[in-house]
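First comes one chain, alone, set out as structure tokens in the form predicted on its own.
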């Protein structure tokens, strides 16, 4: 009897030790919260969905996914396409006018189909509350819960025929098999089972860290840089109706984002046939020909310009606003100088305005290694397809 009890005791002791060993070996889900350090003068209200709080682990995973060409759901070298394939850091996370694969800033998907509009920069989007895209079709209050935020933009880009043209089920199944990724998903979201929803969340977290706030003009506001006479005159032109009259749509000294994130018909045309302008979202006939005013941060490397990429250089954009604005009944009331074709800047004023705009160039943002392709991927044999 005693022998039986001893054996039973040893059996349960062994089970207890095995369980303890299993608990010890079990990975612990303990993500580290990530707090955005709001730059001097920037708004304090951030657009971070409550169901996707930012963490160090989520951002790290998102950066891997952003630059992993297998996000297309394919792993053949000729079929790789990542977010970083088109959103190039040195070009303000746009394609740029000099992309080796795309012509004139218009990108095309793996099937060769060209995008409807040129790209918008991925810069300071954590402060965008009015909608994403040239017409703002993704916005927080959208009655369609699948068209509200950056997370949804990730899904649409992966599925779009003119981008990755991928099946999300195939994408998540592929990443489930890639060494290292299940562990990264566990660290970020508490489960090694990869879902596309968590892929969206991770990439969106990374994109929300893309903050540009250390250009010369930022240092000027902090008392660390003195504007030159030309830059200062350009600033006055930028922020006055009698000057270049830029500030109504792009903000100014009191708006460090250099965009209102709102939508304007800025007088490019008098006939409006684009099926994806602001009217397509609101149904308001007065919104025909209206598009988002993009941020002017790092604008010198963000060409081509306007929703259709019609201007390749910043000089052409300045000339348009100075002399080529077209009147229509739908032009925005803030285009005060339309009846004389534009603000009629002199050559020197154009030079000064361009000098001020150059102070919005944030080289730290464009070269920050934390925003660029990782030095390695979870499975170290894979190399990024980024063209940065």
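Please read these numbers as outputs of a predicted model, since none were measured by experiment. Numbering follows the first chain given and starts at 1.
Form predicted in complex with heme C: not shown, discussed below.
Residue-level contacts in the model of the complex: of 188, 317, 194, 166, one residue has a heavy atom within 4.5 Å of heme C, and it is 317.
Between heme C and the residues 281, 157, 215, 126, the one pair within 4.5 Å by heavy atoms in the model of the complex involves 157. At a distance threshold of 4.5 angstroms between non-hydrogen atoms, residue 349 is out of contact with heme C in the model of the complex. In the model of the complex, heme C lies within 4.5 Å of some heavy atom of residue 132. Although the partner is absent here, residue 306 lies within 4.5 Å of heme C in the model of the complex, judged by heavy atoms. Among residues of the shown chain, residue 326 is not one whose heavy atoms approach heme C to within 4.5 Å in the model of the complex. The chain is drawn here without heme C; in the model of the complex, the stretch among 158 to 166, 179 to 187, 227 to 235, 139 to 147 whose residues come within 4.5 Å of it by any heavy atom is 158 to 166. Against heme C in the model of the complex, the set 108, 121 and 250 is in full contact: each member has a heavy atom within 4.5 Å.
Interface residues of 38 to 56, taken as those with a heavy atom within 4.5 Å of heme C in the model of the complex (partner not displayed), are absent.
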